[in-house]
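Below you'll find only one chain, the form predicted alone, shown as structure tokens.
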Amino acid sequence: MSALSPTLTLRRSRRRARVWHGVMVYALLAILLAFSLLPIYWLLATSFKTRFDIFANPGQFFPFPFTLHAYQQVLSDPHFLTYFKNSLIVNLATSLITVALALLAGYSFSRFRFRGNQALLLFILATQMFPSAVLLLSLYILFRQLHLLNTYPALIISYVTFGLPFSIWMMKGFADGVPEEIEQAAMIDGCSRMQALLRVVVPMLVPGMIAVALFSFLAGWNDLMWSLTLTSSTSMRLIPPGFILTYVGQFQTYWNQLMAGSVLVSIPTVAVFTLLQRYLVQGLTSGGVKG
């Protein structure tokens, strides 16, 4: 027994150390999670408060009295539906165009070898390093000369321009993961290159296409600077500039309505992201490590 006691003591001390290590890790994770979720909770809590309770001193951590008045005001505002409709149209069109162009470009870079292939790929990636203000100024002057300001095409072209370089790299990474032998077998069976792409390769690139679509959609959905600069009328405003100009005034800010509107427009994106997040993660990792 005397020979086993030190061994048992050592095992118990190690077990106790592992338990305390696990407790400390989970405690740290809980603190980080609470720190991350606090802004989201405060957004939700503010949306259920009255205008006067928001500025109560001391501040109310829980909304009391609990009210849906801010949601009723937002939903009854016709401008809210206009902002939502415009954002939906612009970003859906942006996603479709970006996916189509990125698919063709990424597939071409993956399958064809031509002079300057790598240099052109690096140049495409380097365009992401230009300041947004430089691109915005150039596009603003171009759209003004073409009389496209305050239109859907101006917003769609801008968002496609912004998201296409990274999307091409993502699609190239996915195309690199598709064996060329599959296409060659399809072409031996009588398919042309385009038919092999559409019938054989595209079904295998669906996760990458979904990732590109989500990336471009969310980037445009949350954009403020581009949509604020390229639109001037209420009927063409998207959600971010529309909310700023509607609920943020010179002398007061309607925080409860702003937060309620933010919750409402976040529900569709959170639902879509939750359903398709595995495709987005797979697309980001695949496009980042291959090629």
Partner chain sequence: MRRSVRSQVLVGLVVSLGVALTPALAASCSRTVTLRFANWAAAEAATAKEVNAAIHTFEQQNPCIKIKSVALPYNEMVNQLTVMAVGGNTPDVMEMSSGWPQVLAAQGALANLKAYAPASLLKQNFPAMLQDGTYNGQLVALPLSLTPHGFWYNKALMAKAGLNPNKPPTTIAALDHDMAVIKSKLPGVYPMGQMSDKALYTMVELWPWLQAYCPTPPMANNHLGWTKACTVKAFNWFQFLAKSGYIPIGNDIKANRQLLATNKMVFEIDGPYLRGIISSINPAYTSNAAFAKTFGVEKIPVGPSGVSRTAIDIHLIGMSKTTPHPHAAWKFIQFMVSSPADVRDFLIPEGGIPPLKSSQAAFKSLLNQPYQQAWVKEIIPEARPVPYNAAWDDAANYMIDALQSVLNGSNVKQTLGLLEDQLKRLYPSYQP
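Note that the structure is a prediction, hence the values are computed from the model and not measured. Positions refer to the first chain, counted from 1. Note that the rigid core is defined as the largest set of C-alphas that superpose within 1.5 Å between two forms.
Another form, the form predicted together with the partner chain, is not on view; read the next lines as being about it.
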{"item": "Answer option from V202, A185, L81, L137, heavy atom within 4.5 Å of the partner chain in the predicted bound form", "value": "L137"}
{"item": "Exercise: F55 in contact with the partner chain in the predicted bound form, heavy atom 4.5 Å", "value": "yes"}
{"item": "Exercise: F251 in contact with the partner chain in the predicted bound form, heavy atom 4.5 Å", "value": "yes"}
{"item": "The partner chain contact at V272 in the predicted bound form, heavy atom, 4.5 Å", "value": "yes"}
{"item": "Contact label in the predicted bound form: S232 to the partner chain, heavy atom within 4.5 Å", "value": "yes"}
{"item": "Sequence-ordered residues of 78-109 touching the partner chain in the predicted bound form, heavy atom within 4.5 Å", "value": "L88, I89, L92, L96"}
{"item": "Did N57 shift 2 Å or more between the shown form and the other one, C-alpha, core superposed", "value": "yes"}
{"item": "Pair P58/I244, Cα separation in the predicted bound form versus the displayed form, closer or farther by 3 angstroms or more", "value": "closer"}
{"item": "CA-CA separation of N57 and H69, closer or farther in the predicted bound form than in the form shown [shift of 3 angstroms or more]", "value": "closer"}
